[in-house]
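One protein chain, two forms: both are listed below as structure tokens, the first as structure 1 and the second as structure 2.
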Structure 1
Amino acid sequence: MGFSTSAAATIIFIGVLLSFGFLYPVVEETAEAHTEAFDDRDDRSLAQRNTDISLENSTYNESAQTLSVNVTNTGTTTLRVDETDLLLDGVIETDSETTVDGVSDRALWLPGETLTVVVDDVSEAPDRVHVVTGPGVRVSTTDVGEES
């Protein structure tokens, strides 16, 4: 074994060390990203299991052309009002007024509280009303009451 064999072995050893030095941080970051993604998924799943809502009533006023929907948070998760969507016949309503237990401008909807959504300029009573929360729990009804 001459000098050339020792030099080649040293170059290969340094190459392996450099490769490991570049590879290790990438593998570590990837493992951390996977762990965070699994933790986020578990948190979302837990929030969804603890979320429950009950659609109390939906009433259409033909003379005023307004629809009022009352939904109670029956779960243990605090919900955000701005992440709660109302769909009338499959169309999302973006122009509505909301109150939580009669108080407007509330951002949070706590367990046991009732969210009221009032939509103006509804030309006819919808056939279906859906309420969808941020965690993805929904409730719907086809029983829309009418008041005059």
Structure 2
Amino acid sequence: MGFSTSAAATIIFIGVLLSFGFLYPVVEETAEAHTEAFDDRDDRSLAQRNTDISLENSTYNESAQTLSVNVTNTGTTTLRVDETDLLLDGVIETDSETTVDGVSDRALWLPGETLTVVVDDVSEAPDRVHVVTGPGVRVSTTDVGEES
């Protein structure tokens, strides 16, 4: 009787050890992945709070049928030009030329620099100009200047 009990206890003990061996790595990995995901979310939230842009002016040139929008990065985060969207009267513009501080085809838009977006073939001056950055910070204006 005594030996049966010890043998049975040993088998169950091995079972418990194996179960713990299965469970522990999964729990540890999951906890680590969660911590990392929360850290990333905090970073994104911080970047969004540090992002700020100011719409300097938007000018419609009637004879050339172009609209030019100047936006300055007044925050402390570096923004990406290809992640910045321009909406004219709510319609997103995909075909535009961008320059940052006068240099064309720049991918990054650093704090303090001004992004100029020029859209061709605009048949009439839009009522609203809306600029959205990669982190989701946006600014809009209804003040569109006209020049002929």
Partner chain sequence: MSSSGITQLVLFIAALTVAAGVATTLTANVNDISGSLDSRGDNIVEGIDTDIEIISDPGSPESIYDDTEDNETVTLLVKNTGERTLSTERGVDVVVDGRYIPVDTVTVVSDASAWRPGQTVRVTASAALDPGDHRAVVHVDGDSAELLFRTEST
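Structure 1's sequence is the ruler for residue numbers, which start at 1. Take the two forms, superpose them, and find the largest set of C-alpha atoms that agree within 1.5 Å; that set is the rigid core. Since the structure is predicted, the reported quantities are computational estimates derived from the model, not experimental observations.
Remark: structure 1 matches the stated condition (the form predicted on its own). Once the cores line up, the CA of Ser140 ends up less than 2 angstroms apart between the two structures. After superposition on the rigid core, the Cα atom of Ala7 is displaced by 4.0 Å between the two structures.
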